[in-house]
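For reference, the chain that follows is the form predicted on its own, supplied as structure tokens.
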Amino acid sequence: MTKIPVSRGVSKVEYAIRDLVLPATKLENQGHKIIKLNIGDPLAYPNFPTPPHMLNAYIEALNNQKNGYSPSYGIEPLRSAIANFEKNQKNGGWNCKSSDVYITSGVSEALLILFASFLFPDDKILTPGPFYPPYVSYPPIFQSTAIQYRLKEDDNWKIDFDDLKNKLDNNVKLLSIINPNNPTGSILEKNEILQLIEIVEDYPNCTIVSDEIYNKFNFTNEHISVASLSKKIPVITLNGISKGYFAPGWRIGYIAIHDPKNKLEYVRDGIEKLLRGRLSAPTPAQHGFLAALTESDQWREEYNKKLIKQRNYCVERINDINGLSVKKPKGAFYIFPKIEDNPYKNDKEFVLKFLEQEKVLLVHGSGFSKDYGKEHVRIVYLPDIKILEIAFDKLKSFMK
């Protein structure tokens, strides 16, 4: 019997972070315990629980039967709270109105909605390399191409502007930045953002997409909202509850549109049509996010202290292992060491052999970019130091 083929666009979708779960699950089914340092889920580790006031707001919404469809663009109090959050960013906000904010089921849905609204066949999106996988795997669904611009490892993963200029043309509809970056943990400095905006001003078809989902993890307080610096170019900010508020399973993200010259009228109409067509984001979780934005944020200081301690421990341990090296990340909760002495044919085989022998799961760097991530691994430093100590002891033994 002839099998029905999958669409060409979807056949190219890859997600390295979760694809490696399959061999790990196989080992678990054989009775092995796996230390998982592969996925950025704060709730996978017991030392970073979702703050109680958020849980209480979620539960209260359930108890009050706030279970139905919400308005398609999100509940108005949450949209207003997000607008206020964007206006009052620590290092400079922008004039965000509640009507500029759209609530989505996580940033992943936001990306699909944006790509569907912006991209025509043969359009391009530029994305940093290394990158977060959906930025490269989603555009082919819309017959478009994702092209990576280089981040320079030897310069703390800053943008290679010569490479970016060579790849930017009038077919580039979207230029994405991930700030702080996943997987490198780097943070864009103000002069980099201004330079980026100045370059994009020469391309009137291009909009900047600024993924700021890790903006609460800027350990040097250097994070700057890209929209706050743009006077002409449209900037679409993406953010949500998953990372900075430790509630990834709630699936609440948002799109916030900064459009100083009113260039995105038709695109915004498309975004709204798609949002209405998919009905709404989860309603009780929106009330939980509202509590996160409007109630005390004092709990964060303790969480960040713990994360910084764990980050510093990882940097020290990695740089003490022959054949590995890393620079200290400034944000997010990932570390992206380089394999300087790899006895295997590539970084993916390195990760699979390490999993097989030591029962520790990392992610291969080439899963974030075959060109700019190869011969690296991404390690999540959310587990407490006792777990990290065991993992790095195993890594040191493996490297020997």
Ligand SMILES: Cc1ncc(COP(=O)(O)O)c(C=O)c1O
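Each residue number is its position in the shown sequence, starting from 1. Everything quoted here is computed from the prediction, not taken from an experiment.
The same protein also exists as the form predicted in complex with this ligand; that form is not shown, yet it is the one meant from here on.
**Student:** Is residue 158 close to this ligand in the predicted bound form, meaning a heavy atom pair under 4.5 Å apart or at it?
**Tutor:** No, no contact at 4.5 Å.
**Student:** Quick one: does residue 334 come within 4.5 Å of this ligand in the predicted bound form, counting heavy atoms only?
**Tutor:** Yes, residue 334 sits close enough to this ligand in the predicted bound form that at least one of its heavy atoms falls within 4.5 Å.
**Student:** Can you tell me whether residue 106 touches this ligand? I mean in the predicted bound form, with a 4.5 angstroms heavy atom cut-off.
**Tutor:** Taking the distances in the predicted bound form, the answer for residue 106 is yes, it comes within 4.5 Å of this ligand.
**Student:** Can any non-hydrogen atom of residue 243 be found within 4.5 angstroms of this ligand in the predicted bound form?
**Tutor:** Judged by the heavy-atom cut-off of 4.5 Å, residue 243 is in contact with this ligand in the predicted bound form.
**Student:** Are all three residues 314, 360 and 392 in contact with this ligand in the predicted bound form, where contact means a non-hydrogen atom within 4.5 Å?
**Tutor:** Not one of the three qualifies.
**Student:** Pick from 285 to 293, 211 to 219, 69 to 77, 139 to 147: which stretch has non-hydrogen atoms within 4.5 Å of this ligand in the predicted bound form?
**Tutor:** Among the listed stretches, the partner-contacting one is 211 to 219.
**Student:** Just one of 328, 300, 251, 167 has a heavy atom within 4.5 angstroms of this ligand in the predicted bound form, so which one?
**Tutor:** None of the others qualify; the residue that does is 251.
**Student:** Between the options 182, 176, 230, 225, which residue brings a heavy atom to within 4.5 Å of this ligand in the predicted bound form?
**Tutor:** In short, 182.
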